[in-house]
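Just the one chain here, the form predicted alone, laid out as structure tokens.
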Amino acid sequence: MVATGLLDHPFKEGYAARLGALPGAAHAWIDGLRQTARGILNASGLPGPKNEAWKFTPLGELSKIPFIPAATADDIDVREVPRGVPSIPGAQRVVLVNGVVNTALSDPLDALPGLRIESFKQLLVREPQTLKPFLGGIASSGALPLAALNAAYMADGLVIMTAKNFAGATLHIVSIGAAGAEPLAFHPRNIIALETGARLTVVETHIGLPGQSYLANPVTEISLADNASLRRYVSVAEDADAFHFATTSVALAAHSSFETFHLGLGGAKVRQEVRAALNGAGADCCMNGVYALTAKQHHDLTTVVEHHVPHGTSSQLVKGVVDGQSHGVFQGRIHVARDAQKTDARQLHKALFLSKGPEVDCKPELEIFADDVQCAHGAATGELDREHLFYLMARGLDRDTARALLVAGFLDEAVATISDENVRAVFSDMVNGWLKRRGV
């Protein structure tokens, strides 16, 4: 039985029995992680409507789907990268299909000295001690229910590690979701660890192929040593029947920096949860994003920034447009500990309604226990400004063109925060493509 207010889940005996032996099971500490996670999952179930952090993203529909492990589906054959995947200039491409590294579709994994890229499964089997400082220590199964589901059944994924003072590179990780005759689920575990002074840019494209429903449940644990810098840009355009629940936890050491941008353009139900812990003085975290939704799409961006030490900075700017019967959600919490003096933390969310049917829920939070800080948050929702629309139409633009310009300008403020010029141009094109397809 699961606790009151929580949902039972389909990932029990039948799912586990079909999965077979998981990599690393011979190592007690790995098996212990999995058993602990399964215990948490079986005792608590999936978060239900009474769970405050999940009340805007109900999982009742998910709990009723008889998912099978992706590894057991014998009717999946992805031989090429979908056409909708953008090209990132100068980036090394790594492709995963249902959470498993596909070397045939990827560039060579050992092409860059000082940068280690490996399959999570292979490293878990060959040298699991390399993963011990990170695996399960940054994303806690006890605090994160979907991370517990991932830890219980993690089988593959990607490990990215740099040497000290690695000079920088751009990786493009393409994650393809594909289901056959039965709905399937996959739970990739990704680890990114940057040593002291290293710099890296990671672009992630999550895209889906049509078929049965599938669940992508990736967990990414990121460790940034002193003076390390990671730029991570994520776009989600899953299949219309797909569920995508991603959990990212980041640990920042002194004077490290983390810039992330999340672009949500597709999927039946999507939740991106990003947590950052500023553990070293002078750490900087920048979390921005855009969601553009239509039909019955649901997108939830949940962020938690924890300032544990003095002189940390964090900023967040999230903008969304909603159309049809879609539902946009932003939940952002900033926690400033008692000792985290001289913190500068800011957060802003704005959403634009393109029609009368959609819904937006926004929940910004500040928890401040220090007294020498600068912190602010804000949220606003509304329709297109009629005066601005009239102004453009009075200068000769037709109504549709004027609307498109106003919506593009509204979203561009957030897209413009992407510091990588190539990625900024690609993401801008993706947003404009969505606007054209919607006829905005």
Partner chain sequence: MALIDIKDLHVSVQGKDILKGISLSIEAGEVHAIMGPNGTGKSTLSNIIAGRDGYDIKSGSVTYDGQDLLAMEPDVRARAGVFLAFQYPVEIPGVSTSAFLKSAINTKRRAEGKPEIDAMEFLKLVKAKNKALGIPDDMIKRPLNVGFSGGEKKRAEVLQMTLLEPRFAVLDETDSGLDIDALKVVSDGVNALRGATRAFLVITHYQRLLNYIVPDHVHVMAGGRIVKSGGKDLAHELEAEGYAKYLAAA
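Just so you know, these numbers come straight off a predicted model, no measurement behind them. Residue numbers count along the first chain shown, from 1.
A second form of this protein, the form predicted together with the partner chain, is not displayed here; the remarks below concern that form.
Please run the contact check for Gly409 against the partner chain in the model of the complex: heavy atoms, 4.5 angstroms, yes or no?
-> Heavy-atom contact with the partner chain at 4.5 Å: present for Gly409.
Flag His388 as yes or no: does it have a non-hydrogen atom within 4.5 angstroms of any non-hydrogen atom of the partner chain in the model of the complex?
-> Yes, His388 is a contact residue.
Classify Lys64 as contacting or not contacting the partner chain in the model of the complex by the rule of any non-hydrogen atom within 4.5 angstroms, answering yes or no.
-> Lys64: no contact with the partner chain in the model of the complex.
Spell out, yes or no, whether the shortest heavy atom distance between Arg395 and the partner chain in the model of the complex is within 4.5 Å.
-> Judged by the heavy-atom cut-off of 4.5 Å, Arg395 is in contact with the partner chain in the model of the complex.
Quick one: from Leu33, Leu405, Val373, Ala53, grab the residue that has a heavy atom within 4.5 Å of the partner chain in the model of the complex.
-> If I apply the 4.5 Å criterion carefully, the residue I get is Leu405.
Okay, which stretch from 373-381, 410-418, 55-63, 25-33 lines the partner chain in the model of the complex, with non-hydrogen atoms inside 4.5 Å?
-> Every other range fails; the passing one is 410-418.
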